[in-house]
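Starting off, we have a lone chain in the form predicted on its own, written out as structure tokens.
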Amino acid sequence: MTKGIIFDIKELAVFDGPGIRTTVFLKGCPLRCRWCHNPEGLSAAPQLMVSLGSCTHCGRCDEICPSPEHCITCGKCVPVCPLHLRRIAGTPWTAQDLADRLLRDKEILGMSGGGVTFSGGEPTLQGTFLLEVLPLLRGMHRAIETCAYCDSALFTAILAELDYVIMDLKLADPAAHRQWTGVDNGLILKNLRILEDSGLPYRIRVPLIPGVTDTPENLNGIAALLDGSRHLEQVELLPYHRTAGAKYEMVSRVYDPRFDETVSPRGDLSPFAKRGIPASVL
């Protein structure tokens, strides 16, 4: 049985699909977006997170560590930190254990039209695990937040077990997409067509990155890609928030966005309005 690696479970989520939801964050992502707000979700493996800025260097973690040369994410240092500055991001779950945990709130979430949403990271990177847990949740509204960068056969199989999809579209131009995320968008656009053909209701999210994704050229390009979509409910433009940098240090990464964070992103809805596509700025 496959085990999923989960770095957070957020209850009472109201922005991750219809109604009130429980959002499950799975580790691992094939993209490397320069603006990523969940750096602890990039690696598929469990990681130690440390709030170094508040550390008093008391040495208790060093005293108990069995592998001082290389962290093995054993977690022994977590309970001994007097300021609770350490945690392990990434816990293994079996599909049945996770389903049992989620189903206990099925009735109360259903009262609002809500359910469960799988996010990340990129949840399709743990596609085998998703295909084990999703059938166990039938009867509960099931959604996914995805960049759709995955094998199309896998994507199709996952869609068959879902009720709703929230999909990112970051950049319309393939070269710009590769520059800012590390991958071409050809596969993503192929899976967008598969999503539209599936008949599932879905929404598109566009992160507003100043000078990168918020340009008139990009927003017009995305609107053109979505023109005529029958099952698209809405487009949501997500303002850029300058809060990600601190978490990078916690997982021993360097935050290097390479765009001007001091510029306010432009949430221009007119490219979508011209095509009759419902759109809003969250």
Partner chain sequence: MTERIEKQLQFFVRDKKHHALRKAASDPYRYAGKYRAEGLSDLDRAAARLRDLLAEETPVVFPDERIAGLRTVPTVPEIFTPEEEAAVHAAHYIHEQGKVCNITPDYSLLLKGGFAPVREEIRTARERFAAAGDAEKVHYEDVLMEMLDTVSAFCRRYWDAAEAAGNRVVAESFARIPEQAPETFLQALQFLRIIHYCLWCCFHYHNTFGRFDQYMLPWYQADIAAGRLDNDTALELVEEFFLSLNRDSDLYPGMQQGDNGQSMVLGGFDAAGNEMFNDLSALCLEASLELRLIDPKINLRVSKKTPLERYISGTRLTRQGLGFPQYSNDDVVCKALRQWGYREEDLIDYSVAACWEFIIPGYGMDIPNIASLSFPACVRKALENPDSWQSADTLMDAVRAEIFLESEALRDSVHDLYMEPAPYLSLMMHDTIAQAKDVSLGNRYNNFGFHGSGLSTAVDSLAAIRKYVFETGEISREELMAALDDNFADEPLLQNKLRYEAPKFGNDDDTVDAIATRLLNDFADSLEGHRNERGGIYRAGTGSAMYYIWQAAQEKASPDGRSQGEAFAANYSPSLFTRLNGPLSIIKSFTKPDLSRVCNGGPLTIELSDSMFRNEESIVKTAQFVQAFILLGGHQLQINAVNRDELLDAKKHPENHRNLIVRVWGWSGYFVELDECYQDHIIKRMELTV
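From a predicted model like this one, the values you see are computed outputs, not experimental measurements. Positions refer to the first chain, counted from 1.
FYI, the form predicted together with the partner chain isn't displayed, but the following is about it.
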| item | value |
| --- | --- |
| Among the candidates 71, 108, 175, 157, the residue which, in the predicted complex, approaches the partner chain to within 4.5 Å (heavy atoms) | 108 |
| Listed residue that, although the partner chain is not shown, lies within 4.5 Å of it in the predicted complex (heavy atoms), from 43, 215, 38, 229 | 38 |
| Which of 180-188, 75-83, 149-157, 121-129 sits within 4.5 Å of the partner chain in the predicted complex, heavy atom basis | 75-83 |
| Any non-hydrogen atom of residue 246 within 4.5 angstroms of the partner chain in the predicted complex | yes |
| Partner contact for residue 53 in the predicted complex: the partner chain, 4.5 angstroms, heavy atom | yes |
| Distance check, residue 141 to the partner chain in the predicted complex, heavy atom within 4.5 Å | no |
| 4.5 angstroms heavy atom contact with the partner chain in the predicted complex for residue 258 | no |
| Contact test, all of 31, 34 and 92, partner the partner chain in the predicted complex, heavy atom 4.5 Å | no |
| Contacts with the partner chain in the predicted complex - residues in 233-252 whose heavy atoms fall within 4.5 Å | 234, 236, 238, 239, 240, 241, 242, 243, 245, 246, 247, 249, 250 |
